[in-house]
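Two forms, one protein chain; structure tokens for each follow separately as structure 1 and structure 2.
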Structure 1
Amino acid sequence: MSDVSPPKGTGPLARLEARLAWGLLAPTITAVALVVILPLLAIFWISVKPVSLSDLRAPEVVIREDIRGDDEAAGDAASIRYRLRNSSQDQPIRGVTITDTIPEGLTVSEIDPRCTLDGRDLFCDMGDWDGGFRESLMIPVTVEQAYLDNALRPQDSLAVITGRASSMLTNGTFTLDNFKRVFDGDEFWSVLWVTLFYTVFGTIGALLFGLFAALLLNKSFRGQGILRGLYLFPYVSPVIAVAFAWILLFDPFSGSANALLIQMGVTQEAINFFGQRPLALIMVTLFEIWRYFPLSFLFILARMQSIDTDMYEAADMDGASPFQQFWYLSVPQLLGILSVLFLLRFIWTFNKFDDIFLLTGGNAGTRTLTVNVYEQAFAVSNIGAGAAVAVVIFGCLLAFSFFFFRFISQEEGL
């Protein structure tokens, strides 16, 4: 009798299943790799390159063609003028050539040494151009009757241009200036501090508000559904709409909030809520709490409704007061979801860009790291520095995700 033992390794069926799984996942993996992984690598690449917004376009030859002089009667002397320039002020273009067709009825009387004429085809080899190069190339011609008869003018035939230019994005120049710029001076530390304040208080605030709202709605009564829907409004509506509503509400000149505060005698003159330190930072944090408490509320409520009510009845019988029940029964049950929410919201708040960008544009001491990316890349037009800030953000996130995986896998068994 032969030895009977369980099969070792993966059998053909398991291999088939794995192959199917990867097949089903392939589209997602490809798409995510293209739009997430590739840009992330690009960010690292750009962060060590001196790229500014204007470098995004490779330098190119700008050409304008027209005819100068008389071209009214046969025998007139005129010239075709090519106005040429390098679009970039500092990047060279190599091996520039121009190919064009001279229109019917124009006889070239004299030719530039760099050009050759083959029948009607003009070919000019302009050599290498430095940055900011400009020149007018004149081709003197004599006008014949045929030219006057047809409507074809020199500018109607498109000149074909070739030239090699190295784009700043792909060439071999590297620099650490971007990082120096980012870490330079006090600005970085103030940005980091603002980011931490916003993230920590925004997260904790949203969690506490969410917990409070969930406690309110964790009982069934008429209108509970309506209130639950209502409390989700801030989260569901477009950020741009609610951000502008807040700006209007807290406007220093015609905002209702200021009018209300003045009327109630809280303040004598209008407060510039989004324009002065440190109030602006507090306001954007409040906005963050206001906008995202619904999410924590939803998750906490779902967890609450899955807690067994028997436990509370037993506690009631044993004489536990309502606060004791909350503290000793509900809180331990909710700790798991609360910690998961804390980690998730912490990272998401850290990543938040649109809210602050719309509310203050990063002014009045509200510039977080993410706003700084935009600020450096587009306001200062230094893409490289923006990318360097993005790399810093990414580094922070890697650190967070490390913690995230250590804790979340224990809590919720992801």
Structure 2
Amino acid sequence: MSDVSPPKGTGPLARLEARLAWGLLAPTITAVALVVILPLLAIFWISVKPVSLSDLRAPEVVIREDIRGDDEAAGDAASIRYRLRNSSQDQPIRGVTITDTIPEGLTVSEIDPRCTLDGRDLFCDMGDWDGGFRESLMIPVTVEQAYLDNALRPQDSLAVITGRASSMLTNGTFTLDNFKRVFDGDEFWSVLWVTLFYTVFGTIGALLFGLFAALLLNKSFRGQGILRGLYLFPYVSPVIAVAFAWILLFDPFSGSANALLIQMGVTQEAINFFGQRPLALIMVTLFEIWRYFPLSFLFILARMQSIDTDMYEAADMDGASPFQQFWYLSVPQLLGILSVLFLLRFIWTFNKFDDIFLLTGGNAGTRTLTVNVYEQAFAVSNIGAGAAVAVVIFGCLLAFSFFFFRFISQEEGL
């Protein structure tokens, strides 16, 4: 019996279909490249550049022009002043030139050696400027009646500036000092430990609470829809609103939680929940669990409601306890969705910034890698070091994803 297999040729029709497929995918590929790949490559590029916040703009000549002295009557002596400076404190600007037009009615009485005057066209070759260069260029002039009659003043005509400067973002200077700064000392490892604690316990806690909520609401009863809606409240509420609600609730001076604990005799003095170690880290982790368990609850409940109820009825007739039914029947059916949720929640929690920043600002032992990115890039103004920490975060998540997909069972749908 002959073996029948589909044709594998690359005829004109197949090539036409391939071109059509690539044409349909082109917008998606372009969007992914613009939104995901290009910013990622930019972060890798900046991580090996000695870039500070002030280096995001290329060095440029900053010029301010005005007239100094008496210019009230014909014959008065005045000076056109150009205040010049290099906008960068470190990077030089080469071949700086200034071209300007002297207003009608002002006669130049003396010219700077670096400048030439052709009619009313002023040209100055200022040479090379080092970083932080500042100078005032004075052009003495004599006021004539024509200047008083017209409304044109020196600052009304914009001077044309030329010069060559290399941007720290685009030049060929590279360094590994950003990564050395990240890994030097014990600070990085303590921040990494805080990040892992927050991520692992926040992810597992959100899954467990979501599973527990799904078990509670998997049965039909009066008010079930309202209760499901209330369960979604933490997830759909604005993060800034719920974060400040927690801050007010656990405030050591006027918070309801402290007042209740003191009245119940649990503690004799107010507890600074978000201001002392290690309680602050535990509190932000609990906030993460409380805020994001509804997402797990929704997915798990949807999966539980799709499970055939016949096997539960058979297990019940065989005398299986509710726990045995859950462990031997429900859990195997939920492993796939639990695995997907664990992967997504781990990645999202590892990248979480706004929750911790709103609750503690990264203080009291709650400084995670994402908060470290913000502090390095904007608080310390070291964009390169911030990008290096972002690359470390990318590496950690890449390693986690590799091991997750390497060891997860294919039977769980991944």
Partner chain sequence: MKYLRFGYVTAPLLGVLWTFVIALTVAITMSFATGSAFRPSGLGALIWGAGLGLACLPGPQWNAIVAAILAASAALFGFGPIVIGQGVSALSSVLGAGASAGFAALGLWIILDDVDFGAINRHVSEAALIKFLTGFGYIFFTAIVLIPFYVMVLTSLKNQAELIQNPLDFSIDLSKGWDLFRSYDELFRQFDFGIYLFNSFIISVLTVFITLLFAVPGAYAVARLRFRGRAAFSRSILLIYMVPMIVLALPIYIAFSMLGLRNSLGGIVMIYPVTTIPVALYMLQGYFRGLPAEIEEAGLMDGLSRLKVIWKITLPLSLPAMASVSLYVFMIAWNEFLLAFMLLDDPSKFTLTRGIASLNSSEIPRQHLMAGSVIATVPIMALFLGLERFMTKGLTAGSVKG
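All values derive from a computational prediction rather than experimental measurement. Just so we're on the same page, rigid core means the largest C-alpha set that superposes within 1.5 Å between forms. All residue numbers here refer to structure 1's sequence, counted from 1.
- Annotation: structure 1 represents the form predicted in complex with the partner chain, while structure 2 represents the other form.
- Gly395 shows a C-alpha shift below 2 Å between structures 1 and 2 [criterion: core-superposed Cα displacement of 2 Å].
- Its Cα shifted by 3.0 Å, Gly23 is compared between structures 1 and 2 on a rigid core fit.
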